[in-house]
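So this first bit is one chain, no partners, the form predicted on its own, shown in structure tokens.
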């Protein structure tokens, strides 16, 4: 096992300078190639520094980051959250934080545009503290660096902190094994055919390797690095373009190298069969009602929610009430909360995180509704806070192990003892309370202490076997496998009932 470079994703609000920051680091001009200065494609770039190498993923936003996660690819080791010093935390900033937290990826904050006259670094830090990202200098655990993509101020410190964070993560892989990794993007080129950008995560990818991605496979005809040069092999954490796949894979699809073409064909056939079966099988919906069955097998009991509301006041009241429902055994985990309608980003996050979306006084967009149907995500809409709380509470009760209650059905006092051959000791009893049933379970109580738990072996009225004896009557009771009964003991009968 050898150390590998960290893979870093830049996320944050639109126009806060993610691509400009990356350009400054790479000393190239991606912005110039793009429409309106907004990132159009997912790109991956390697930055080689004296102190080490860092691979950067430049994504169009947190939705793409989470969509990749939805296909089983947690490609990033660290997320850089870019916040403009003059604008502070915005709704998309909060969404980016929630998406990074749901992926369990450490966050490093880059406060950009500190060179502007209206930059308010302390204000941004206060916002971060409110979002539970307390800066290190304020006694927290979050690395916060002030940078300027324009003047290059703080860039060295940011890169230093990324390498430091990577050291803490102890990223190690085996470069000698067959390569595995993730697709960053795929496209069809008129001259080169299917071009797939991949990130090698472990092992070494070589020319001539047989690669399987989803239901496609192929022999690698060319490997091109991020500088456009043809190379013979690519090691761990290296982004490259490859040629030779039989089909166009999706971003986030895992790839792996297999020993031969026969194996590749076999894997692809099996995956096609599985996909066909999945199309025929309806998706298991994540609902408040079905959640209890889905977590039965797991020890961790957690109900994940995305909460959206019309105004901040209602949102805070609803979130506070829902958090109060958490108890020792079950946790309500609100992974994202904000005002406004339910959008596609909420549905993607819910689908990946196995969460339920709760809306208060709002509705979902048509695209979000359609996506929710495809992904099997449940959207619950409410106009009364108490109804939302009651529904979640009912769901949590379903998650708890049912409590087994003992319901006492009758109580009889032992007044006389009879020794009967082949049966053993029979207690002559008087029924003080309830009804003694032949099929009920029984306790033998002496001086208010239960000394026996078991079943009734025999129940008699005079010499007749009976099913039950009412209050106020005498009877004979024999206990299964137990004869040490004394005058003055009590026999209590009961039923067991499961209560939510």
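As the structure is a prediction and not an experimental result, all values here were calculated from the model. Residue numbers count along the first chain shown, from 1.
Same protein, other form: the form predicted together with a small molecule, not shown, and the subject of what follows.
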Heavy atoms, 4.5 Å, the small molecule in the model of the complex: which of 110 to 118, 376 to 384, 174 to 182, 96 to 104 makes the cut? Say which one.
-> 110 to 118
Checking 90, 265, 126, 150 against the small molecule in the model of the complex, the residue with a non-hydrogen atom inside 4.5 angstroms turns out to be 150
Find out whether any non-hydrogen atom of residue 483 is located within 4.5 angstroms of the small molecule in the model of the complex, and reply yes or no.
-> no
Although the small molecule is absent from this view, report whether residue 14 comes within 4.5 Å of it in the model of the complex, heavy atoms only.
-> yes
